[in-house]
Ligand SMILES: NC(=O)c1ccc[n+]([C@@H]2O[C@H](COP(=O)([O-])OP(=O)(O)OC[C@H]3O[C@@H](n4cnc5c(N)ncnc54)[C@H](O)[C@@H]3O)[C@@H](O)[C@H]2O)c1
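We begin with a single chain expressed as structure tokens, specifically the form predicted alone.
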């Protein structure tokens, strides 16, 4: 089976690598040979690490399955499954999908790795709309087990089943997003957590260290909220939130994120975000003492996530088990967010959401409450 990966950046070359590791023949496309050479070098480095751990038995055999090419036609011609991993620009993706419809095998899967753009808007650009689906891998694809499989309003059962087979063969865990909602599952949950935390910071209700400490040590999250924003990229969160908001997500992005975006304080990649780092792209774990969060209730920022999870369930966008899987594998939570909410008590969750409404004056919190009734 020929798999075409369109885009050889961080996500693209990672998807190409895991596909080749699973035995697929992969054609990896990008605009220049220089980009492709860099991608192949990074793939080799990653495979060598896997080899050292005994995960990969033959590095050269995996490498031999990946064919880098600067010809889009060569990559797509005869392909039975495409994963597009180009920049988050709708026009760029639409152009790729129009060419892919013509050049790939008729009836093959045309998947996008977008994290923020609606699958339906991409599908609208071609004739055979049922072939289009979202396969949202997480960074880095070589290590992250989760893939959000997102249906557009047109996606056929055949496309869905072929996509699930592909994800399973990669030894990844698929969660099905049955409706093409902005942010899918993980980014909707994360948006609630990050925005609520930022709002409390702006209101001087709690400090950055207090929030991060309580979230890490009381809830068992792998990173503090602001630590995660810096690590993932303040710019990434801001642009994803903006794309979600433009397409109907309830809530306004916290002004601090907008200000930091305009000042290019993106976090680790720029050397400065909520925390400071030794240099651009140089990550040093920030000092977040356990005792700093003693006086802060982390459920104030986690409860809106539970509310969003119930919105996803009540609108039949995703199942409870898939939401819990997504929050554990995509966000590293010790338990699923719905399970955590149920164990904390839904009345307690509602009380915290009401308190957030009082503190911030934001209507999105009152809106979320109805889904917990």
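Residue numbers count along the first chain shown, from 1. This one's a predicted model, so the numbers in the text were calculated from it and none came from an experiment.
Absent from the display: the form predicted in complex with the ligand. The rest refers to it.
Interface membership of residue 30, the ligand in the model of the complex, 4.5 Å heavy atom rule: Contact check for residue 30: yes, within 4.5 Å of the ligand in the model of the complex.
Proximity of residue 139 to the ligand in the model of the complex, heavy atoms at 4.5 Å: Result yes; residue 139 sits at the interface with the ligand in the model of the complex.
Any non-hydrogen atom of residue 197 within 4.5 angstroms of the ligand in the model of the complex: Answer no; every heavy atom of residue 197 is more than 4.5 Å from the ligand in the model of the complex.
Any non-hydrogen atom of residue 85 within 4.5 angstroms of the ligand in the model of the complex: Yes, residue 85 sits close enough to the ligand in the model of the complex that at least one of its heavy atoms falls within 4.5 Å.
328, 336 and 341 each touching the ligand in the model of the complex (heavy atom, 4.5 Å): Negative, none of the three is within 4.5 Å.
In the model of the complex, segment of 278 to 286, 131 to 139, 292 to 300, 155 to 163 with a heavy atom within 4.5 Å of the ligand: Flagged stretch: 131 to 139.
Listed residue (176, 219, 92, 103) with a non-hydrogen atom within 4.5 angstroms of the ligand in the model of the complex: When the ligand is considered in the model of the complex, the option within 4.5 Å is 92.
In the model of the complex, the one of 146, 96, 209, 228 near the ligand [non-hydrogen atom within 4.5 angstroms]: Of 146, 96, 209, 228, the residue with a heavy atom within 4.5 Å of the ligand in the model of the complex is 96.
Residues of stretch 5 to 44 in contact with the ligand in the model of the complex (4.5 Å, non-hydrogen atom): Sequence-ordered list: 6, 7, 8, 9, 10, 11, 12, 29, 30, 31, 35.
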